[in-house]
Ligand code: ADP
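The chain below stands alone and is given in structure tokens; this is the form predicted alone.
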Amino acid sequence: MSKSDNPAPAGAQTQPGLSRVKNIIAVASGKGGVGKSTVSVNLAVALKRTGATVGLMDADIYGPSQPGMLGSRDARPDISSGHLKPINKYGIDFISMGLLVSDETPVIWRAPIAMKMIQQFIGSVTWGELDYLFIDLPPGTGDVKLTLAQQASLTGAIIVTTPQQVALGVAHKGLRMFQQVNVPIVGIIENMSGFTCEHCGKETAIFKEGGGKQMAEQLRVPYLGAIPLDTSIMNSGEEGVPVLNNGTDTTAAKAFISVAEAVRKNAESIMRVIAQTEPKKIQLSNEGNLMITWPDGHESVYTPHTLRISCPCASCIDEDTGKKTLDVDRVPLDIQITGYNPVGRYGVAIAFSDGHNTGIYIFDRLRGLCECDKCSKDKKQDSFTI
């Protein structure tokens, strides 16, 4: 999808660093300590072994862990012309705040500064062509997740949880957050699912088991599989060597390979759906109208005035009642579009000459607002029929 060269609404970002990444997948959890970073590293390595090109972005600014897990604590990325070149280890390109500061240096930043670093990771890292980029998110449902959901063209999100109820409850909230911003769910992974004694072979559900699968069934989202509580996984993180680099015949390695295959299949399914709904091209006409070319070839036309009075933001629509609060009569007939930019893979943000720039127009809604001759005639016909 083409991106605008016009001034973008406040907060919007172009993504030159991610423009050649086929699948961008966020790996999230509601709470810390569920092994999300460990899962991210080993999924990346598992997909790399299939011949895919894979990258990894450590988006946990305050508690980065990927340099240690990939054995690169002392590595430093090259910086040239304002761009960061990711470190490559075990065939994985990765970037992390941990590569920019020493282990002894705490990151004591307020949220706006941390968000600027995330935006640098999105727009200024030379990722090049990748089949997959995994983004290892910090715990919670705060600014980082929202920023990435809106500024990175996410294929979808993976939710990592452990089987016990407290982790499942928080993971549920994290999953709902992605759904609310129209990010598809690639699936749920149950980590630390059962411990098998290497001496007697007995399996013990230390943190219970099956909770992740039950959660997936209840929420009607894919279940990607379970990763066991295994000492080899713990040791790999401590040694900075991914599990699969020590062999593929272990229980842990087989589990990651199986989950990675499920991720690949689900990501492909999501991208097929996206290809049917995401515009091929967005541009402004010489007359100042917004023009969108859809996957089926239909070319939609939108006048600035129609878009402005149809703004869906909380300033223009009451969130509780759905009633329009915007005084339409006060919107200038000659209002203009001053900028636009895609938001995630689900909509576009538009800025207007009256200074308003907080509206995000979902693609489904935009298709219904089309003012081209054919759609206008169809609407008149429908109105006449009713």
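All values derive from a computational prediction rather than experimental measurement. For every residue, the number given is its place in the sequence shown, counted from 1.
There is another form of this protein, the form predicted in complex with the ligand, and it is not shown here; the text below is about that form.
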Should Pro228 be counted as a contact of the ligand in the model of the complex, where contact means heavy atoms within 4.5 Å?
yes
Is there a non-hydrogen atom of Ile233 within 4.5 angstroms of a non-hydrogen atom of the ligand in the model of the complex?
yes
I'd like to know whether Gly33 contacts the ligand in the model of the complex, with contact meaning heavy atoms within 4.5 angstroms.
yes
Non-hydrogen atom contact Met69 with the ligand in the model of the complex at 4.5 angstroms
yes
Students should find that, of Asn266, Thr155, Asn191, Ser300, the residue having a non-hydrogen atom no more than 4.5 angstroms from the ligand in the model of the complex is Asn191
Though the ligand is not shown, can you say which of Thr53, Gln336, Ser65, Thr358 has a heavy atom within 4.5 Å of it in the model of the complex?
Ser65
Out of the stretches listed (310 to 318, 270 to 278, 70 to 78, 233 to 241), which one is close to the ligand in the model of the complex, meaning heavy atoms within 4.5 Å?
233 to 241
